[in-house]
Each structure stands twice: as structure tokens, then as C-alpha cells.
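Only one chain comes next, encoded as C-alpha cells, the form predicted alone.
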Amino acid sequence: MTLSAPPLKVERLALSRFTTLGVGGEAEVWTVHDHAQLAAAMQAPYRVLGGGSNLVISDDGVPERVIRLAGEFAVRDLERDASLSSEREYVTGWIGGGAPLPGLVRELARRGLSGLEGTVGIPAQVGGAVWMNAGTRYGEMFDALYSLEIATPGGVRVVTPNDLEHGYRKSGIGRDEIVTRVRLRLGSSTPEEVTARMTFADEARKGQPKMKTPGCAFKNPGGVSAGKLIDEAGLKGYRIGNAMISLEHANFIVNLGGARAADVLAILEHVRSIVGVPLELEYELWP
């Protein structure tokens, strides 16, 4: 027997509660559990909010409705799809875009499935991580993608990574498009080997701050470390209000408690005015 989806939930909420930075004003939040509810939510201007990392939301919130994926969009089918897999490749069933990435990575390690070790520690949902091709120098989301289901106001389509112009921190997926589900292409390994690779990648992140932060502020320009450029400019510890450039890693801005989005944006502009190299934001700014 197929159970019906929970009812669509629409609430006016502070978006700060959904972000790793902990800032952001209010918006109308639509929590959708299936494709029918998602289609209804997409009939007016909208934004999609996943794990809330890599995101700075205005203190005034946003005027659009904000969609959050739940229900069937948070389900993980990690069983091997025999019709798509080969002797060397393990292709999963569908994994919801609203599924938390950290839990997925841990479960893949437990099963001895290799491909996403380089994304360890990224506090995102699967759909958002794919949308920005999140990753580290040890790997990114597109390394393990087999296919993607993408929703737009006009309908749903399935594509492969080869259909998208993806690259460093970009997926080629449009701003009005929502990654609802993905299939992964993985390699068979052992839990011990996958865990060892995850541990190695995680060790390289030891210098990153553990406070409230959206993650890296700027993309590395031309292969040069943005954090190194900011550090060399003497900006570690630079503070506006309760937002500060981390003392641990200069490419991170942290919330000391009660910071505002306006404080973060002012720091970003100050960094750009001081560092002698054009810096492209890695953060997504709303609005």
C-alpha cells in the first residue's frame, strides 16, 4: 500500500534558522513532500533552500516563497540498480535532493562504496550540493553523478552530467531549476578503504573554523589560494559588528553571535577593496 504524502506546509519563518551562518530575515516557507506539491509551489516566484550552507540571506528576508524539499525528496535508495550497473560501476537508485549529504557520505562508507569521499564534512543537502557542484580539492559532486532529475515550472526532466556545462563550483543548472533526485555512479571498495580516504580528506580541513559560517567566501583565483591572499593582506580577525574574518582561516567569515547579513556583506566588500586580485564570491547572496 502506498502511503499518501504529508500535507503541504506553508509557514512564515525566519530563514536564519536554516542557514549555517545563522543570519537572514523572514520569508514564506513551503515544505513540499512530493512532485504535486512541488509543482504547486513553483507557480509563483520562488527560491530553493537546502542545507543553508554557502548562503548569506538578507536581514530583510526575501519576497519570494522559499521551497524546502522533504518527504519523498529526502529518501535514499542506495541499492545497486542492476540494469544500469556494470562489473566496474555501481549505480544507485534515486536519492532525494533533500537528503542530507553528510549522512549519505557516511552510509556510503559503511557500505564500502567509493566516489564521494572528497565531499566529507560539507553541511549541505544533496540537491544544493549538486546545484553548486560542491566539493574540496579531493573531489566534488559531479565526480559521482550518473543522472539527475531536475524540476522547473514547465515540468521535470532527467539529464546526465554530460548534458550540463559543469565545472569548478558550477553545475550548469539554471537558477529556476531544482535538483529533485540523483543517481550516483560509484566504485565498489571496502568500508575501511573508503573511511581512510574520508579521514585523509577531513584531516586537510582541520584548520577551518567550527563556528557559524557559510564556508569559503571566495573562489580561488587562477589556482591561487584566496585565503592566502586575504591573510597576506593582514585581514585575519577583521571585524564588523559580530561578523569576523576567521583567525583560523582567512577565507571564512564567522558569526560571533548576533551578526547581521549587512555586517558580512560589508566585510566582503572591504576584502575586495584591499586584496589586489579580483575575487569571485563562492557564497550565494539572497536577494
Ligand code: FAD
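Residue numbers run from 1 along the displayed sequence. Note that this is a predicted model, so its numbers are computed, not measured.
As for the form predicted in complex with the ligand, it is not shown, yet the points below apply to it.
Distance criterion of 4.5 Å from any heavy atom to the ligand in the predicted complex singles out 135 from the list 135, 93, 71, 102. Checking 194, 148, 186, 124 against the ligand in the predicted complex, a heavy atom within 4.5 Å turns up for just one residue: 124.
This chain is displayed without the ligand, yet in the predicted complex the stretch 175-183 from 81-89, 159-167, 103-111, 175-183 comes within 4.5 Å of it by heavy atoms. Interface membership of residue 61, defined by any non-hydrogen atom within 4.5 Å of the ligand in the predicted complex, is ruled out. A residue is said to contact a partner when one of its heavy atoms sits within 4.5 Å of a partner heavy atom; residue 255 fails this definition for the ligand in the predicted complex, lying far away. Mapping the unseen interface onto this chain, residue 115 falls outside it, with no heavy atom inside 4.5 Å of the ligand in the predicted complex. For the chain shown alone, residue 32 is not a contact residue for the ligand in the predicted complex, no non-hydrogen atom being within 4.5 angstroms. Within 4.5 Å of the ligand in the predicted complex, a heavy atom is found for none of 16, 22 and 242. Scanning 38-61 for heavy atoms within 4.5 Å of the ligand in the predicted complex gives 48, 49, 50, 51, 52, 53, 54, 55 in sequence order.
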